[in-house]
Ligand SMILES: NC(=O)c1ccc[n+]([C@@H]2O[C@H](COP(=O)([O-])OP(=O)(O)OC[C@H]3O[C@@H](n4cnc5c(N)ncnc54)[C@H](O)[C@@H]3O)[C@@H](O)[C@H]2O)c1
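Shown next as structure tokens: one chain only, the form predicted alone.
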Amino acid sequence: MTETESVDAIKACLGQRSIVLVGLMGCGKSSIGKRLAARMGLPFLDADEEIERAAAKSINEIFTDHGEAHFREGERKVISRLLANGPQVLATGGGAYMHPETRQKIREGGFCIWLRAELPVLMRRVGKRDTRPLLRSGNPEATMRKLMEARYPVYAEADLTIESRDEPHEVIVSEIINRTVQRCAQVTSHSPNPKDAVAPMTAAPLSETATEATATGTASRTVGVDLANRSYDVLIGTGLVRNAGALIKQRLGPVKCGIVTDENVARHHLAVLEASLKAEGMFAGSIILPPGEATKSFRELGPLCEKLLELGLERGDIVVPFGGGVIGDLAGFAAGILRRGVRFVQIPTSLLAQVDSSVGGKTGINTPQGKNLIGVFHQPNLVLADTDVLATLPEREVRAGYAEVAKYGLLGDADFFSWLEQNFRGVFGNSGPDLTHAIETSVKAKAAIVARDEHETGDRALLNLGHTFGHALEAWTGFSSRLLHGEGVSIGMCLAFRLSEELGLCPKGTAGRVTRHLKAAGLPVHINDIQGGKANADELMRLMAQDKKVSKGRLTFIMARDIGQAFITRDIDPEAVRAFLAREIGGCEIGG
């Protein structure tokens, strides 16, 4: 969909309603709003400027002469008048959305977007101007922090949350357009009358969607994992983090929840999740860990368990891993051993975690001997895959997660792989339907395999396509940023298909097709694509011998008869693998 088509779709969806921007001072409502209005061909209005025009006084003068209460009443009247003027982009003052009547008017006459920003970003921006009446005395940073604590839980009621970060304004505007057209697509797809899908929405369907989200979350897809009395659902959609408290309470009861996250996720999303749990009286505390694969270790596991106990979590309470695969694996393991097992709810924030590691109950840590060698099978009680949080994911992490998406096509669904070849850019673009379809298809595939073989005694090993090679490569790089897990899986899958082709197990040209697609997706496809040193075939064989799928000293490989036809075998000659790796590395002498 081109931007012109997206803008037209949004306008048709909104009808006579306005896009209303809310957020704290310094979040960029005016600067971003002006650019958004220009790109959408709509007028831009700043509510504060309209208030000043109506009162013939500046905002500071109104506060000084009449006080904040008088200002808020005038603000409510001005915003009500502006919303009646038809479609536009309207920037509101930081406190406008806190007034219940104003908030209701915005729900009725607008599509509300919260521009959320972190404290350091806000302070850098507001420090450039001395026109903020609430920051003109005392400690401005302490005042801003108090405003965030009071207002962020209310801002979270907006229809859409966009992270206002240190990116060019045009990037933020593009994200707003993409995410808004996604929300419009969800509304029209749920309309009972197909004709309504193209008619302007003169009632309040978008606000109704947000109201429904407050109670049940905006889960556009639900995938069940059938494990008898330990079955659970994976909810896929938008707005799930801000509604996590209600969702958890509805399904698991009014329990205490201890969040485990990392510094990167905390910076972008923790305040929203904390506010959601606090609103339901379920927040026990948050534990923030360093990001990166090195965190999946004994060094972090012990202190994490102690901190969870210090939060007062009892056996009936819940650990909430809020992060990517590292946090999910580590915190899930902690939940599995804490008080001999407490419940946990996965809220994965990376594409890789949403399609793979958050589902299926595998938890664990790494050791110097290899990856995931110590852990337990401990199923979550609920998984909330909120696609909104992927907007803040670095591009490299998105591409690494895509390797796990492609894996499901390669191991058992040739039609899905063909679909990915045509639509993978839509998945990367966070454009809505393509992303949701990719996540749902991946989760369904994994759920079906897990239901058949929970403890990996049979065909669940198929999910390790590319992992025998990939895990060895990760260990060789020291579980460092040289190679992300998904990048290792990408190289590993290419190796598995190339070896299968060399051994005459699959048709000629199959490996080339796999390699071309993953390379087009921006993923590494050869061992020598890894920067920082040359691999050694003997060392990789030694590391593969530590793989948890080794049985009676024999390596387990996931090979392929074709795309979508993976199979498990222990009949591959290790010397053939060693020679293959030596050739892949590029003339490295065996043993050298």
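Keep in mind that what you see is a predicted model, and the values were worked out from it rather than measured. Think of the rigid core as the biggest set of C-alphas that the two forms share within 1.5 Å after superposition. Just count from 1 along the sequence shown to find any residue number.
Although not depicted, the form predicted together with the named molecule is the subject of the following passage.
Engineer: Given that the named molecule is left out here, which of 356, 159, 274, 317 has a heavy atom within 4.5 Å of it in the model of the complex?
Structural biologist: Of the listed residues, the single hit is 356.
Engineer: Which of 110, 325, 432, 492 has a heavy atom within 4.5 Å of the named molecule in the model of the complex?
Structural biologist: If I apply the 4.5 Å criterion carefully, the residue I get is 325.
Engineer: I'd like to check something about residue 103: if you look in the model of the complex, is any of its heavy atoms closer than or equal to 4.5 Å to a heavy atom of the named molecule?
Structural biologist: Residue 103: no contact with the named molecule in the model of the complex.
Engineer: Within 4.5 Å, heavy atoms only: does residue 501 come near the named molecule in the model of the complex?
Structural biologist: No, no contact at 4.5 Å.
Engineer: Heavy atom to heavy atom, is residue 264 within 4.5 Å of the named molecule in the model of the complex?
Structural biologist: Output for residue 264 is yes: heavy atoms within 4.5 Å of the named molecule.
Engineer: Quick check on residue 291: any heavy atom within 4.5 Å of the named molecule in the model of the complex?
Structural biologist: Residue 291: contacts the named molecule in the model of the complex.
Engineer: Among 433 to 441, 237 to 245, 502 to 510, 293 to 301, which stretch has residues whose heavy atoms lie within 4.5 Å of the named molecule in the model of the complex?
Structural biologist: Partner-contacting stretch among the options: 293 to 301.
Engineer: Let me test this: is every residue among 268, 371 and 389 within 4.5 Å of the named molecule in the model of the complex, going by heavy atom positions?
Structural biologist: Affirmative, all three are within 4.5 Å.
Engineer: Can you tell me which bits of 385 to 417 touch the named molecule in the model of the complex, meaning any heavy atom within 4.5 Å?
Structural biologist: Contacting residues: 389, 392, 393, 394, 397, 404.
Engineer: Aligning on the rigid core, do we see the C-alpha of residue 116 shift 2 angstroms or more between the shown form and the other one?
Structural biologist: Where the cores coincide, residue 116 still shows a C-alpha shift between the shown form and the other one that is 2 Å or more.
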